[in-house]
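Next comes just one chain, in structure tokens: the form predicted on its own.
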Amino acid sequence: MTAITIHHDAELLSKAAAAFFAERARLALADHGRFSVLLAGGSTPRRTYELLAQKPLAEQIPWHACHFFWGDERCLPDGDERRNETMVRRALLDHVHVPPEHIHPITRCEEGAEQAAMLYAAELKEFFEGQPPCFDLIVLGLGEDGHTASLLPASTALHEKVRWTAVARRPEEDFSRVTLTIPVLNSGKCTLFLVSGRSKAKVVRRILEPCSGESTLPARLIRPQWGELLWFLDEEAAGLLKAQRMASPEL
């Protein structure tokens, strides 16, 4: 089942997402002693991460029990401005006390993207003790072309049913990307899409209210097997939806 919540603007959406993150972290700690979260890149998630690093939420989250992973990454040198890891560190991780060994970025691209993907799959296997990855929270963004993580339209990675990681590349880019695959993204306990801005309104409608014969966009393949699927939208991103959805109270 898909639950959609519409917030007045991007700032209120980010505040709601940050509060939701904090609550899920506390619940996971109480239930099984740790909180595993898969992070997204992009401007909307960035603001959520910034809010998590600030009071009051920064003082309410069990950072010592949080484990951070990434849904995708550009194969660029460490510290490159275009890396999702760089953004998350600057927005959040550089400001809170997370044990370094609890931070699990996608790195080691020096020997090629395929090698980096294989090594990240091995890291997931070790963390989840050989079982299919089951994150407490998966945070996803959405591109105007319908991609999420680095599951790009027409990519062969969209058809992966066994491997947990894959390599993708845009024709216009001079670097490859490592992405987690549909089997991983559909096995989490809770998946949260964060989408804001008028430029996303058309693709949001195509995903949430598809017409007959609509081609399958990558984000439409996110259908958790047993977990929750939540969409946090601002009013601009939700502007073309026909159905009235649940509105969030002002924060």
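Note that residue numbering follows the sequence shown and begins at 1. No experiment lies behind these values; they were computed from the predicted model shown.
Omitted here: the form predicted in complex with 6-phosphogluconic acid. The next part is about that form.
Student: Indicate whether 6-phosphogluconic acid has at least one heavy atom within 4.5 Å of a heavy atom of L142 in the model of the complex.
Tutor: Yes - in the model of the complex, heavy atoms of L142 and 6-phosphogluconic acid come within 4.5 Å of each other.
Student: Taking heavy atoms and a 4.5 Å cut-off, does T165 contact 6-phosphogluconic acid in the model of the complex?
Tutor: The answer is no: T165 has no heavy atom within 4.5 Å of 6-phosphogluconic acid.
Student: Could you confirm whether H102 comes within 4.5 Å of 6-phosphogluconic acid in the model of the complex, counting heavy atoms only?
Tutor: No.
Student: Within a 4.5 Å heavy atom cut-off, is P218 in contact with 6-phosphogluconic acid in the model of the complex?
Tutor: Close contact is absent here: in the model of the complex, P218 is far from 6-phosphogluconic acid, nothing within 4.5 Å, heavy atoms only.
Student: Suppose contact means a heavy atom within 4.5 Å; in the model of the complex, does that hold for all of R24, N186 and R223 with 6-phosphogluconic acid?
Tutor: So, no: the whole triplet misses 6-phosphogluconic acid.
Student: If contact means any heavy atom within 4.5 Å, which of 202-210, 41-49, 60-68, 24-32 contacts 6-phosphogluconic acid in the model of the complex?
Tutor: Result of the contact check: 41-49.
Student: What residues in 82-104 sit within 4.5 Å of 6-phosphogluconic acid in the model of the complex, counting heavy atoms only?
Tutor: Read in sequence order, the lone residue that approaches 6-phosphogluconic acid (within 4.5 Å, in the model of the complex) is N84.
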